[in-house]
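Just the one chain here, the form predicted on its own, laid out as structure tokens.
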Amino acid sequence: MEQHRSHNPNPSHQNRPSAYKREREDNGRNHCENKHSRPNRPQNQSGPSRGQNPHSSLSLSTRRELYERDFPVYKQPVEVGCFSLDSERRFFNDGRQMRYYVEPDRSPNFDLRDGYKDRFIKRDDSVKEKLDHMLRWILANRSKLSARGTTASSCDLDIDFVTWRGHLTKLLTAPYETREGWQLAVTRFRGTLYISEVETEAARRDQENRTERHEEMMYWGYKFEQYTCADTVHGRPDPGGVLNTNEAFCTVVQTRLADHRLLFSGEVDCRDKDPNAPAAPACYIELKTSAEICTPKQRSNFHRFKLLKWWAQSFLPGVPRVVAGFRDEEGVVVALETFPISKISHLIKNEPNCWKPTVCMNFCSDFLSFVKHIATEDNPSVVYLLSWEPRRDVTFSVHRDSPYCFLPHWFVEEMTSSHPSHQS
């Protein structure tokens, strides 16, 4: 779908529900997946850039003013497949883990603490899955991705970048992130650039030092999903059942940002059960919890920080709305609110010093251009490690046959074989 519709700044204009209208700011100044590995610290990082260009040959600036230009072309994402992960984290090339949204009462009174002590199976965070599930999906669906015009023996994909949606979300939010840095490993293989996250030392320490209260509050988000999702289209939620965070349904979408052809996957909470709902990904719904808002300061922080991450996470794959459960300090949901992704830029536009969607998307586009520029060697054993800390430039280092390598042998071997796999 190559149509690019213009964003209408009039909030009453509601007859185009897509979140992929090309957003432009009404006002130039006043707009708001743990897949890790952890090898040794990088060495030989390049120094920061001092010029006005967003990137020199060695680094990339995250200064917001450099990205305040027209919203880049972002092609409407198309779902090209999906996959499921079962209770033991096994991969299935189908939608068996899809769930259906069941709208609760206006005053739901959901106790998000229920089941934490006795009906909770938590995924092992120490297992770093990298891109493995996404790579299994590619092997099972190579015929959908083969480059047009190539010979039958070619294994090249018609894709510039393969990654997780969560990694792209971190890129979109980087110009406004003030606390958490990141490291992204990049490998060029058969013409496609694969991006996988590397766990930073700070993230590892944070995970090791989580309090019991923090662990329980992470559970609350999953519990809200259990209160609002059914396993079948005519079913009812089962909040009294076991909650297992190994289980997941993931969409795989294809799109284009400027001249970058993207293939990425992200977990989906549920879909609209209405048989007349639009096709995926426009039928998907993201579920979130947040502390109830009682003061103007809390509302401002919600607009400036939380809505940025919600918008980025859902805008990328084409999920049109977020349903939020607002909870009290005891973990009881006291109110619900739906946030259409296409309306979020209007919610924040009067917030002083708030984030701008155009800055987010332009930085992401320039980051991908920067990666294309530096990651030139086509070799599954070579990793370009891009590192960033808040208020610093993105720098990189190159590693050969190192612990940073993340493309598994089974994927490399299958992709270099002469015949595409037709596994199911």
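Model, not experiment: these values are computed from the prediction. Numbers follow the displayed sequence, beginning with 1.
Separately, the form predicted together with a small molecule exists; it is not shown, and the next lines address it.
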property	result
Residue contact check: residue 139 to the small molecule in the predicted complex, 4.5 Å heavy atom	no
Interface membership of residue 222, the small molecule in the predicted complex, 4.5 Å heavy atom rule	yes
Touches the small molecule in the predicted complex: residue 192 (any heavy atom, 4.5 Å)	no
Partner contact for residue 287 in the predicted complex: the small molecule, 4.5 angstroms, heavy atom	yes
Position in contact with the small molecule when the complex is considered in the predicted complex, options 166, 104, 237, 340, heavy atoms within 4.5 Å	166
Single option in 89, 144, 321, 306 placed near the small molecule in the predicted complex, where near means a heavy atom within 4.5 Å	89
Candidate stretches 270 to 278, 244 to 252, 74 to 82, 323 to 331, one within 4.5 Å of the small molecule in the predicted complex by heavy atom	244 to 252
Contact test, all of 130, 266 and 313, partner the small molecule in the predicted complex, heavy atom 4.5 Å	yes
